[in-house]
Structures are given as structure tokens and as C-alpha cells.
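Take a look at this single chain in C-alpha cells; it is the form predicted alone.
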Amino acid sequence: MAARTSARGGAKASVAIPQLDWSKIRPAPVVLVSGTENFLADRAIRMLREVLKLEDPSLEVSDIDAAAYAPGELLTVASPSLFGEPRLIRATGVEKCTDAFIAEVLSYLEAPADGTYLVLRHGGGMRGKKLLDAIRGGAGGGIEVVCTELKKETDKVDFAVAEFRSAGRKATAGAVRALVSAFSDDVAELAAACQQLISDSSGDVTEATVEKYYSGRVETTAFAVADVAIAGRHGEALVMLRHALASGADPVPIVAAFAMKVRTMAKVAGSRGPSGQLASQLGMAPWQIDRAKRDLQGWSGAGLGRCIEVLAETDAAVKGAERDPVFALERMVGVIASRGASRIE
């Protein structure tokens, strides 16, 4: 790829390496994952790990926190192993990295280790500019994967279409537009909505399918109600729930949204380690781990267990086991807002 230049603040920086979209990530000795869209960056890094695992299941994966880097850490994890397994090293927080990290990665770029893939996640800002310039100038023979926010509606439409296409499913133009309209503020929730439709529906996804699951922007509302309830704001959560129901929301997807968040919290509550490591172990993205850790503040294991039981009971109730699904939903919100302390009447 021919060298290109990009202007920023009047200065020109030479870019001599391939700059790829997040969906085009591929193995390289050094992979700089840049940009402010964390969801796409996390997905790209996860895709790279899956590709490398398919190539060699013995792949060793190591995580480095660049913001808390200890001298010699990179050399340790990049050193050849006894049996010569390939290695994937994921360095996060490069936009907050230490001076030692910059110095040692610059030295590493002069002679990258054989069979090793170093991924550097930089979320934006000027910290580490010397390192970024070196990589973009060709040091280490790397590539850059650019993960910019999807701000244009056309970009979000293309993203949603690709979600269905990658799963071998078709979605009508009207269905895609409806989804993008409902989830325009958060690409992570847009992706989750697409995946739920892929999982829970059959055949082509149409506007009627979207209406069934997300009438009145139910999923956006449901996640918002769940966030407020999990934070302990019972009254506010009830008001939001009643508004969603008055807008025509179906109780079943509302319970599904609550269940998704609480079960993620339960998985993270029972695990220990940095977000990157837990993400690999639990099959989640690091941003999901970070969000669950924040949500868990003030919760107990017993409270989580009780809420999971209540969610199962509520799911059955809204599917016909009880006469009043609205009462079941309000009861569920009360139990979750009290972090599992409320009694079920």
C-alpha cells in the first residue's frame, strides 16, 4: 500500500501501513486498533483472536494494561515458550500508557518476536503519539484498524445489514430502518437488537418482526428501565415501565432485556481478573464486563440469586402462567430495585 499523509493541526504525518475498517482486521506482527468506538474495537480484537485460534488452537493469549505497565512485562509475555506456541498479546489503555510502555514497545518494534501478534488498543488523544507515529511509519510491519463512531445513519444501516448477512439472514429495508431509528444512540444496543432478532425469530426479518419485538422502542426503553431498576431507583423505574407499556410495549421482550443484564452481572460477579481476561473467559466484550462491574456496586450474591429466580417466574407469568402480566412486571422491578431484598407477594 502506498504511503499516505494525513493532516492534523497543520502538521502532516506519514502513514505507510494499511489502514483498515474494523471488519477487515487480519493478523499482523503489530495491530494498532485506534478510534473512539469501543464496541467495534472490542469486536475487532475478538474477531482477530478467533481467527488465530482457528489457525492454531494452542494460541497463548496475554493481556497488558498499558496504563499500569511494569517495566519488562512485554519482554516476559513475548518470550518464546517451550513448545513454540503462537502468542497474542493484547495491550489496552494505550492512550493512558506509561513512559516505560512507550519505550519498550518502541524497542520491540525494531524486532518483533516470531509467531507473536501484538495488539495495541488506543482510544484517542495525544498520549503515546511518538509510538503511534512509529507504527504508522512502518516500524514493526504492522497495520492499523480504525474504529470510528458510526455517526451517519447510512453507516448504521450498513452495520445492521452486515449483522444479518453474517448470520445468513435477510432483513427488509423497512426492518433495518426501524431498528436503526430505535437504536440510533448506541451501536452496542443496535448490535444486541439484531442478534436477538436473529436468535428469536425465523425467516426473513420484516417490519412486522421488529414491531413485535420492539414496539414503541421497547428494547431501548426496556434497557433504560433495567438500568434504573438495577441502580435502585424504584419509583423512576416504575414510571418508565408504565410509559413503555402504555406505548404498546410487549412484556416478553422487557423481561428478556432485564434477564440479559442481570445474568451478565451474575457471570461477572463470580469471576476475578482484568476485563480483557474475563471477556475471553466469559465470551463477552470488555465493555460489557466494565458495565457489569459498575452495575454490581451494592449488590450481594444472595440478592443476585433471588433476582434470577424472580426473572424466571416473571418470564413464565408474562407468557401465560399468571393472569396479570403487568403486576408481574411491576413486582419484578420492585425486587430488582431493592437488589433482591423485596418480598414477592
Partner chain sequence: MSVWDELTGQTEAIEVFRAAAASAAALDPADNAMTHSWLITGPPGSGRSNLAFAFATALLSTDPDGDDATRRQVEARSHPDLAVLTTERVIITIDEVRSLVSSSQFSPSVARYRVMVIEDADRMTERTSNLLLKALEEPPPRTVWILCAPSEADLIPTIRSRVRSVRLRVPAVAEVARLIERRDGVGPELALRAARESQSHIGMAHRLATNDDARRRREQTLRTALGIRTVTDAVLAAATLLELAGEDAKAITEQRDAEEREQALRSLGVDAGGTIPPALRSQLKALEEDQKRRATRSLRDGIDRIMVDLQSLYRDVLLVQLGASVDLVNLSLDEELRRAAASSRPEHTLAVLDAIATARRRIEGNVAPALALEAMLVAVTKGEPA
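Residue numbers count along the first chain shown, from 1. For clarity, a rigid core is taken as the largest C-alpha set superposing within 1.5 Å between two forms. Keep in mind that what you see is a predicted model, and the values were worked out from it rather than measured.
What comes next is about the form predicted together with the partner chain, which is not displayed.
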- Task: Sort through V61, L311, A28, L48 and report the residue having a heavy atom within 4.5 Å of the partner chain in the predicted complex.
- Result: L311
- From I102, A113, L245, A269: within 4.5 Å of the partner chain in the predicted complex by heavy atoms is A269
- TL;DR on 39-47, 286-294, 315-323, 64-72: the one with heavy atoms within 4.5 Å of the partner chain in the predicted complex is 315-323
- Query: Using 4.5 Å between non-hydrogen atoms, is L52 touching the partner chain in the predicted complex?
  - Reply: no
- Message: Residue-level contact is defined here as any heavy atom of the residue lying within 4.5 Å of the partner chain in the predicted complex; does A259 satisfy this criterion?
- Response: yes
- Message: So in the predicted complex, is the partner chain close enough to G298 to count as touching (4.5 Å, heavy atoms)?
- Response: no
- Query: Any chance R263 has a heavy atom within 4.5 Å of the partner chain in the predicted complex?
  - Reply: yes
- Query: After a core superposition, would you say D21 shifts its C-alpha by at least 2 Å between this form and the one not shown?
  - Reply: no
- Message: Given a core-based superposition, decide whether the C-alpha of D63 shifts by 2 Å or more between this form and the one not shown.
- Response: no
- Task: Align both forms on the core first, then report whether G35 has a C-alpha shift of 2 Å or more between this form and the one not shown.
- Result: no
- Relative to what is shown, are the Cα atoms of D315 and G203 closer or farther apart in the predicted complex, where the gap shifts by 3 Å or more? farther
